[in-house]
Each structure stands twice: as C-alpha cells, then as structure tokens.
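Read on for two forms of one protein chain; each stands alone as structure tokens, with the labels structure 1 and structure 2.
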Structure 1
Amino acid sequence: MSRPRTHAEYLARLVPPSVAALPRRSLLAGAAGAGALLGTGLLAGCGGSDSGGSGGKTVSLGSNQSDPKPKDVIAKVMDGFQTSSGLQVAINTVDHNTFQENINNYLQGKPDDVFTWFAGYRMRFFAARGLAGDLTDVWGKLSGMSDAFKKASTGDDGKQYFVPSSYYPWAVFYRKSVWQQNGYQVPTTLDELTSLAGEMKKDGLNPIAFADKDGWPAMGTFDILNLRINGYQFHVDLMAGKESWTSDKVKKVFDTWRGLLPLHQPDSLGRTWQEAAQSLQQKKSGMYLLGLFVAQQFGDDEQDDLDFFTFPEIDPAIGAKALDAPIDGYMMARRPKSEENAKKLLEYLGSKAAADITVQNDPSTLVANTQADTSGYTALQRKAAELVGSATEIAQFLDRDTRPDFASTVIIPALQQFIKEPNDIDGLTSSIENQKKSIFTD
C-alpha cells in the first residue's frame, strides 16, 4: 500500500491523557474537534467492537487509503477475500488526514474489526495501551513473511499485533527523458548533487520538487540528511529521545539542509506532495525526494520514464546504504465483532493471494510476502526492491520512529518554521530539545 493523500495531522494531538499517560501541555488543543468529527460519523467505524458476538458474516475494515489508486487496490484485495472465504467486507474509507487525527478516539470507541496502520513505534504505541488485538496466532499461519517483517510487527511484550502488506523506499526520483535530453548524470556525492541542481536551475527547472503543506514530507529530508551525516544509530537514538537536538551533529544536519533549500521548489508550505510530484511529471522539476508512491502521479504510459537514485553520500565514513523504507499493513481492534472472522481476513491480507492482487494493480509499492509473484513488477519496482535489499540499515520514517506526540506537536511545526526561517538553527534546536524533554520524561 502506498503512502496516501496526506499524513500531516498526527495521531497524538488528540490522545486523551488517560490513554497516552501524557499531560495536557504535551498535546495540541483540539480534542473537542475530534469528538465533533466522530459525532458526524466520519470515523465512527462500523465495527461495533464492544459486542463480543459472532458478528455474522461481515467483517468491517477501517481504511485510510483514500487516494484513487490505493483505494481501488484495497477493493480488489477485499473482493479476493470475499470470493475465497464466503465472508463479506464492509470497507469504511476515510480521508487519510481525518483517520490520523482521530485514530485514538476511534480505537477507544467502536472501531472497525480491522484497520489500516503502520509498523514501528506507532504500532507498538497502541499495542502497549491495549487498543489493538493480539495476532500472534495469525502469524503462526502466515507463510512468506521474513523475520524482519515479523520483528517489525511485534509489540513490546513479544506478541504480534500487525500484519504487513507492503513497503516502499524513499529515494530521489526523476524522469529519464529529461535527464537524457539535458545530459544529466546521477550524483554520488553531495557536491555532485549541488552541482547538478545548479545545472538544472540554469536549464529552467526547479532542481528539487518540494512540498510540505501536509507536514510530513519534510521529515523525509531530515531523515536522509541525518542518516547520511550522522549514521543510522545516531538517527534512531535521536528519535528515541536518547540524543540531544542541540548537539553539533543535529545542527550540522540543519546547516546542510539550509544550504540546499535554495535548490528546492519555492513556496513549499502551500503545496501538497501530489502537486510537487505533478511538477516532476510535467517536466517542470528535475528530481524529487519522496517514496515510491510518487508513481501514483504518473500515467501507465509514463511509468517506464520514471527512475531514481538513492540520496548520495555526504560522509565517506558513513556512506549511502541507510534509507527510509516504511511498512504499511493492518491491525485488529481489541474487541472485534467476531475475532474469528477478523483473523481470517488478516490471515488473507498477509497471504500470497492478496500480495499477487496488489502486484497486478499497483506499480507504486512493494509487497511484503516473499512468495508473491513479482514477475509483474515494473522495472522501477524491481529496482526499488533491490535498493531495499541492499540497504545496511532501514528506518521507518521520522513520524513512525519516534513518539507520535513528539512528531505531531513538535517536529511538524519546527520543520515548517525552519523552512520559513532557516537561519536561526540554535533557537530552533533549543526549542525542540526543551519540548522533547517535557514529552519524553512524562
């Protein structure tokens, strides 16, 4: 499954203190707004999960896949399940942004039996709070899942709470025809990237497409710069609150980014990722750092013209082998109408059959099941799979590798402030560190 429309408003802004064990000062004001949205039925769910009955022959699925392509793929996968199982699936599709904003209240109310979610910290966050069902027995029936995927699906208590379906790497995408026309070469160092961007500017292109209206895309830039400058271990320790944001290492990341900002598409805070991707598709931008889901914005006849390279090396001692490759999948409500039927659906979602349907219908993602028939992968998908396979370390993406409340209430506004005013790095990092201490010590 690809990364959908917006990922901007993060789950923890509406986490009630009783659930998140966080004081009110750590959360964004707006819980009342969540209740209002829930009251309209936008994310009320149709699971009725407090009932404990048999649930009949219908399983409800809460889906955040609201963009046309992933929404269509979900529907086809569910058709496959219905045909094979004799059960019905009621899909409750909600705009991704709304889903994210209200996920906490949703899970505490009457959520759908099964719902789309992510691996990493954000999965463990809900599992640790008893808001998700144990899927350990489902994992006992799955085949074609690697140990790495099982680890990514495991909570702090050693049980599995997640079934992965797909994943996708972040890289720098470009149109081969534009590069061939202008004689551009893939850069392998930051100096080469900067020089290339200068050439693109002279040729009338936006060197690097960029958008951060939704709050999350800039996280990808921070991630890759931190991975390239300071390495994987420092990055994950920083995300875990174990390193200081006022350190010279973090300041170097922002200073490097500041030097690259003039090469980025201007006015990014008013632009969605789709609009930035369309500037690449329309040959107005030369390259774009994003996930494989960028392919959604290209027509079927343009897929072969899309290519990528991994973000180049900055420090030779660290190299360029680490990357973001987020994992998407499914979880189960803590009390589904019928746990038996919900687990049948989850077993299917982790199967070769479901993965085969995804491969046949979505060129913008990679499937988790290793038994899937990937002969239908495009050249871009095959290259993406090779990139992930060659990575020495894989991060899940900033908002999945850290506390959700820290990502939403601190990092989003901080990065957007940096984009607007990149010269006060000391003030920026001090503010992040002070807020981090408040959140991570609660």
Structure 2
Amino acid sequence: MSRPRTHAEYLARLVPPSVAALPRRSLLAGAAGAGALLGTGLLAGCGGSDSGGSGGKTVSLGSNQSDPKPKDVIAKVMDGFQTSSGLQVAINTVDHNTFQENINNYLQGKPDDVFTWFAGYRMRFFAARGLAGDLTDVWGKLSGMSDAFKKASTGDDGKQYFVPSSYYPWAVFYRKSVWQQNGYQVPTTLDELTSLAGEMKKDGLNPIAFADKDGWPAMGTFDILNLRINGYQFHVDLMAGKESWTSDKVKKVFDTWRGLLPLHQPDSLGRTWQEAAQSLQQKKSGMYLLGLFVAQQFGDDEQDDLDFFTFPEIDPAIGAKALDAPIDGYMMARRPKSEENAKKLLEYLGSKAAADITVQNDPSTLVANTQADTSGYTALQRKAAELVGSATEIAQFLDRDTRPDFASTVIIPALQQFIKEPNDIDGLTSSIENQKKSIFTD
C-alpha cells in the first residue's frame, strides 16, 4: 500500500510567502547556503556522502526518502553529522514503496546500521521479533522530545526502539474564503458538524470531500470516529487484535459513520484523494478530512486560504484531544556493524541540530524535536504543530497501528464494502472478526 509519496512534493512546494516569489533554483541555493551558515561546515562533506567505506569510521543508513527534495535534506543532515562526529555516513537510498514492501527481507538479511521507518504497531512488532536494536540509552541523551513522542517510540517491553524525526497531522481542512463567504463556523460537536454540512448542501456544496479508490483514505475516517467515540486506548487495543470487532463499540462507530455518509461526496470508490482534494480546491466541496499533505493540491497563492480544525467532539467524556499524526523516524538494525557509531548517529538524528538543518533546508517539514528553530513555519504549519503538541494521545494511522496483512487484506476491502453497503453492519463486523481471528494467531 502506498502512502502519499507526493508528501515530499508537497513539502517542496510549501514555501513561506516571504520567499515564494524567488525562483526555485535560487531558493534551493539559498537554503543550502543557510544550512552551511548554520555552522555545520557543509563544504567538508559536499558530494562525498556516498563514498564512505573506511572500516570503523562509517555508519550505513538505509533511507526510503527517494524523492529529490527529502533526499537532499537527508544528505545535508548527514553532512552535519559528519562534521560534528567525524564519522562517515554511507547513504543507501531505496524507492519509498520498494523499501516498505521489502522490509521483511531487508531486516532479515544484512540491513544498514540505521534505517528509516515509522512509529506504530509495525515498529513494535520488529522490536518484539528482535529485528531492531534497543535505543533506550540513546533516549537518555535526547532532549526536546515530547512524552507523546516517547510513548510512540516505545516497544511492547517498555524500551525505546525508534527516534522520531518528522510528522504530519490528520484534520478537517477547508478554504477560509468559502467559509467566510457563507458565514460558516468551525463545529465543535458532531451535531454542529452535521448541521453545518446540511447548510453546505443547501448552498450547493459537497459537504465533505471523500475518496477511497486506493483503499487507505477511509481508514482516516474510521480512526478519527473510533478515537472520538471509544477513545485512544480502545482504538489501540482494537488495532492490536485484543478487542472484538463485533462489540457494540465498533458497531457504534460504523453506525455514526453511516449517518455521516450521505454528507460525504458520493461515488468515492472510484475517486483518488487527489481528485477529492481538487474538489475542495475548486470550491466544490466544503471540507475534507485528510493529512496535511492535502495542501499539495493547492497552488502557492492558495496556501494562505487553507485552514483546518480537528475533528469535533462526539462524546464529551472522551473529548477531542486524540488524533492521527503519523511519525516518521529512524530505527537501528539488530546487529549494526558498530553499535556505538549507529547510536551516535541516532542521537544526532533526534537532536535539535539535525532538526534545525531539516527545517532550514526544507522549510515545510514539521520536525519532532520541540527545541528546533521553527521560525520558518507557515501559519498552517504552526497551527498543525500546536494541534499535535496539544494532543493527549497520538495514533499513527490504521495501517501503521495494526498488522499490515490485516490492514491491507481485511480492512481495506471491508471499509470499501461498508461504503458500498452501509446498512449491513452486523455482517461486516462479524466478517472482519472472523478474519481477524485467523490472522492474529500469535
């Protein structure tokens, strides 16, 4: 299953208005210059990042950041590490999807000392199977990481196995100009959301843009409804296979969703998320629940018109403080060639220095380290960072929070089936439960 790889493109396009007028090439040069000025002595490592090979002085990094912009940022961060530690980093970049699909073979073969991955069930699974190295002592030296991020980096045994680098939240996005024109107010409860959507329908808009051709976007809707109705802990347990899908709690989620479906854009199973985002951009839809990457479907001059709110509260006892915010970061192989060097690199990757280089060179990433200098953030980014910062619990998105085989071979067809026939909730949930039992056997 593909994550929106174009997230990188989005990042590349999202440039603060103050510099948006500059041509891209000179901007890149400027950013590179800024990175150099930051005191990292960029020149020393320029272009030599792939040439490492001198025994104990090297660390290898397996990177899935294959798009030009993030690849460039990784190279710059590694240059920063080389100058601060004197160690060489050999970067081994693999196409994003290929990396993800081959991760099993990769980790069981001869993986690089440090590799890119994301927080969630899969990270904990690799840790439990002994395919990843314990990073608890690295965490002892990290500063600027929030407790929520530490929790997201912790394996089932209470040790840390992951160092976060960046993230993006899921929220409901809208165009300020459309809302001002029609006098819409941000809803804070489900009832307000429903009545707002009713108004939008009267005004000739699709209230909620929706697309699920690729199967994964609907997971975002399920996640947020489950988080709002049943809370974070139930969601995590459900994803881990510990709770039953036939319980009334899960049925209530589907039931609520069924009530909202008529307010969603129809025929969603043939539509890509890009097309749905364009309907928001073209002012045909009122709002859209998606990750921050939705902004890549908006022009540079429209970025200021884009705003979001977190999905409203459904149950006052649960509140609206939890959300999906997938975190990307790094893990260590089970047997790195030099554990000491690998840990040095990981410590650097989690540091303020690395986060600063990332923000300087890619002024749109939301970096995990809270001490990083984020003065270059746009208003939207700042708001996104605040939203995640104020979240009590952070989920990682369904396909990262559960077994990948369960997510892709059971949940995707099931959610598509629900969208087709929203009335047979009992049949659907018992079908999911039966398949879950055959998959979660150990």
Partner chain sequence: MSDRPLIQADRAVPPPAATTTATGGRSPRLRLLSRTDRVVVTLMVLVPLLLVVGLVWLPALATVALSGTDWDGIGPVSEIEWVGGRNYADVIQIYPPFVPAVQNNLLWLAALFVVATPFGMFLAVLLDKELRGTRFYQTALYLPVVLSLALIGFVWQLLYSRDQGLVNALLGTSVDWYGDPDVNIWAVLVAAGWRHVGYVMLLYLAGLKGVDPSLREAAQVDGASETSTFFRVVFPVMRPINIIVLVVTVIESLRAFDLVWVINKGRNGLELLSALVTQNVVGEASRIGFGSALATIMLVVSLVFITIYLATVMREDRR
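Only a predicted model underlies this, so the values are computations on that prediction, with no experimental measurement involved. So that the term is clear: the rigid core is the largest set of C-alpha atoms that superpose within 1.5 Å between two forms. By convention here, residues take numbers in order along the sequence of structure 1, the first being 1.
- Structure 2, rather than structure 1, originates from the form predicted in complex with its partner chain.
- Of the two rigid parts, the smaller turns 25 degrees against the larger between structure 1 and structure 2, judged by C-alpha superposition.
- After superposing on the rigid core, the C-alpha of Leu346 is displaced by 8.3 Å between structure 1 and structure 2.
- Here the two forms are laid over each other by their core, and the C-alpha of Ser153 is off by 5.3 Å between structure 1 and structure 2.
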